[in-house]
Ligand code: GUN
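Okay, so here's just one chain, in structure tokens, the form predicted alone.
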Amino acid sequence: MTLFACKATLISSVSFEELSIRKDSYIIVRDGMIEKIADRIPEEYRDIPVHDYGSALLIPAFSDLHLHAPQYVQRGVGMDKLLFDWLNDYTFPQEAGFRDLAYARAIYLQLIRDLLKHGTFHAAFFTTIHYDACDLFFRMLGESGMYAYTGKINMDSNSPDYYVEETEKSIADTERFLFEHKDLYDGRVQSLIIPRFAPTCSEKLLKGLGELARKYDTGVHTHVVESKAEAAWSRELFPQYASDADIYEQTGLLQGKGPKIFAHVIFPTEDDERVIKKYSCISVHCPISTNNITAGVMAVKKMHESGYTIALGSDIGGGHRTGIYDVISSAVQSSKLRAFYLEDDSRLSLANAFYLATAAGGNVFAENIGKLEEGFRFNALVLDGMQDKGREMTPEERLERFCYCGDDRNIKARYLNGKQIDPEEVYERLKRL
């Protein structure tokens, strides 16, 4: 049994609109779970160890709901290109290299270390079509202590000759992956079915994957209405379906109990909206990425108010920043541009975006992840060093400055599953896998 307390200024989301700020408070942690929060140490805990962080901020760890793990090595490269040129000129050739397990290992090691450095402890990952590399990544995630959804990508159509699957093999490899990776790591890392996006999948493949979704009761992670061009291409290739999201409903991919993660959802039609709400799909806002590829800006506030479930994603490597705190600031910035050009009320506040990055995102992994509240898992970050000498800042101002100006050097301590971790130590341990 482990029992300790942390003293700091606690910031956590109450709701989409409201932050809870508790100055100079104590958070009691027993066996990785938050047992009590108090203004002073209760008598029954007076002899336990206390990690006193003074005036530093203590916040929930971040969640990244859409990240292309193999594209980590591409971040910040080819950012002057539009989506399809970027995929063909950079992404597909680079991802094809993951047939080399040594190459995959080197990239995935760096990615996991960087995520932990920047405070992302929960993430949903795309990978590649290569079974062995996907298996290695799954095991790395499990040993790292992170919470994750991952799997093997499926793509048998409209893909380069050097990076495409045979339909039956894609289905067979996906079933093997689902079977061999179930019930591992106490459920912290789970498999999802990952059709890259509708244009790179045949109807036969999608229906085969739909049968697996029902058989293994699992979820799906894909791209939906990522851009106007992608949505139009999907409708051209699948004219028998009402919309991009309808393709996944009608082929059976939304029948399992696992999460249904739809990246981007920038231009949903009424048919898309019907499907997304019917199956409680998570729409992932990736503002840095969609700015880079000029895809558009999700109507986050309007969609939230109308009942969409929304979280944030880095979309590495379309997005060039690892830290979700950078995505928080970008979400606010993008919303202000949308409001300016459309003359509507689509501006997001810091509280709105912070909620999407912590409480909303964490809830996709477990009901007790993403907040600093009693009964929640203690996955948390200690932040400091944002304040200038000679001027006092409120806790909310310091949090905002971290999201706009901070980096991993401002994260003074990291708690994952109630244990303080060092990303470098995790990196060295994973190298031995």
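The numbering used is simple: start at 1 and walk along the sequence shown. These figures come from a predicted structure and were not determined experimentally.
Beyond what is shown, the protein has a form predicted together with ligand GUN; the following relates to that form.
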Asp315: heavy atom within 4.5 Å of ligand GUN in the predicted bound form? yes
Do His264 and ligand GUN share at least one heavy atom pair within 4.5 Å in the predicted bound form? yes
4.5 Å heavy atom contact, Asp156 to ligand GUN in the predicted bound form: no
Please determine whether Leu83 contacts ligand GUN in the predicted bound form, using a 4.5 Å cut-off between heavy atoms. yes
None of Tyr241, Tyr279, Phe197, Tyr72 but one has a heavy atom within 4.5 Å of ligand GUN in the predicted bound form; the exception is Phe197
State the residue from Lys260, His118, His130, His223 whose non-hydrogen atoms include one within 4.5 Å of ligand GUN in the predicted bound form. His223
Heavy atom contact within 4.5 Å of ligand GUN in the predicted bound form, the stretch among 87-95, 339-347, 353-361, 130-138: 87-95
Can you list, in sequence order, the residues from 262-296 that come within 4.5 Å of ligand GUN in the predicted bound form, counting heavy atoms only? His264, Ser289, Ile293
